[in-house]
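Here we start with a single chain on its own, the form predicted alone, put down as structure tokens.
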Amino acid sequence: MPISRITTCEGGPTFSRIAQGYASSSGWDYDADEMARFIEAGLDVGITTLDTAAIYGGGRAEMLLGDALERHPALRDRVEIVTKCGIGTFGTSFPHYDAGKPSIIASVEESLHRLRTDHVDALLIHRPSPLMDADEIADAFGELRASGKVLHFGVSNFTPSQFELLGSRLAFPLVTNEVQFSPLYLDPYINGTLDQCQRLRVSPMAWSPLARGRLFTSDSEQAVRVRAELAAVGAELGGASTDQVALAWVLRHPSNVVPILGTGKTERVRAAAGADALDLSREQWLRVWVASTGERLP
């Protein structure tokens, strides 16, 4: 059964409950047809939301995705493209953040060219800058929205106060905050990000929901504890795999998190989609939490 779908906020886009990420796609060694087949494999299990960024692979990630969409144009109407801007410009000697209006507009134009499309479904500011001017970003967002080049806007790695600041300048909602969240990385819960998303009824997105693979490979005490608990819960759920349980743990949070897969392997995408059907009890979820923190509940 295809995975479910979710509207990220009132008036926001509808995304698949699990998204496919392309942060490392420049290293997948796929040509346009192979990339199209990979997208199709995700669509077969209901993954329609594709997450990328201008900075990934120096633009190559967007270009590879665009090559596939150009070769197989019928795919474009079946997917939602999320891309990001605001991390410097290519060819500079000093990595920096630039969320000024000229940079945002230029980045979107370059992304549209690489993606071979006339619009993106959502544009996110990739990381907040200490020099972030909310009025300037809002002006850029408004111009892009009026032109139809970007349908929705959000942020990535923003604190709750930064999210509130930018949102206060907009006449339309920010539709997501893409943050790192996994059984090994609990900061968005601790710092109030997930509380804010739940209060505003905005679905966050989670990058590295499997902790960049450390969930399976790390020999840290935390990872060993969490791995064992995920395996135990998986057994209780009828033999679910560790990655399925970890993704289901992220999905279970009431803020309606959309986890982003990082794999380029079709078989892992198909397996991961099974997480949407898993229903962790509160006790099972909290057992994983306790395994991660290493501390009993107070």
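The numbering used is simple: start at 1 and walk along the sequence shown. Since this is a predicted model, take the numbers as computed values, not measurements.
A second form of this protein, the form predicted together with another copy of the chain, is not displayed here; the remarks below concern that form.
> Can you tell me if residue 189 lies within 4.5 angstroms of another copy of the chain in the predicted complex, counting non-hydrogen atoms only?
Yes, contact at 4.5 Å.
> In the predicted complex, does residue 173 have a heavy atom within 4.5 Å of another copy of the chain?
Judged by the heavy-atom cut-off of 4.5 Å, residue 173 is well away from another copy of the chain in the predicted complex.
> According to a 4.5 angstroms non-hydrogen atom cut-off, is residue 254 in contact with another copy of the chain in the predicted complex?
Yes, contact at 4.5 Å.
> Contact with another copy of the chain in the predicted complex for residue 297, defined as at least one heavy atom pair within 4.5 Å: yes or no?
Answer yes; at least one heavy atom of residue 297 falls within 4.5 Å of another copy of the chain in the predicted complex.
> Within 4.5 angstroms, counting heavy atoms, which one of the listed stretches 135 to 143, 77 to 85, 173 to 181, 217 to 225 is next to another copy of the chain in the predicted complex?
Among the listed stretches, the partner-contacting one is 135 to 143.
> Non-hydrogen atoms within 4.5 angstroms of another copy of the chain in the predicted complex: do 164, 285 and 290 all have one?
Yes, the whole trio is in contact, each within 4.5 Å by some heavy atom.
> What is the one choice in 148, 213, 95, 73 with a heavy atom within 4.5 Å of another copy of the chain in the predicted complex?
Comparing distances to another copy of the chain in the predicted complex, the residue within 4.5 Å is 95.
> What are the residues of 191 to 207, in order along the chain, with a heavy atom within 4.5 Å of another copy of the chain in the predicted complex?
The stretch touches the partner through 192, 195, 198, 199, 201.
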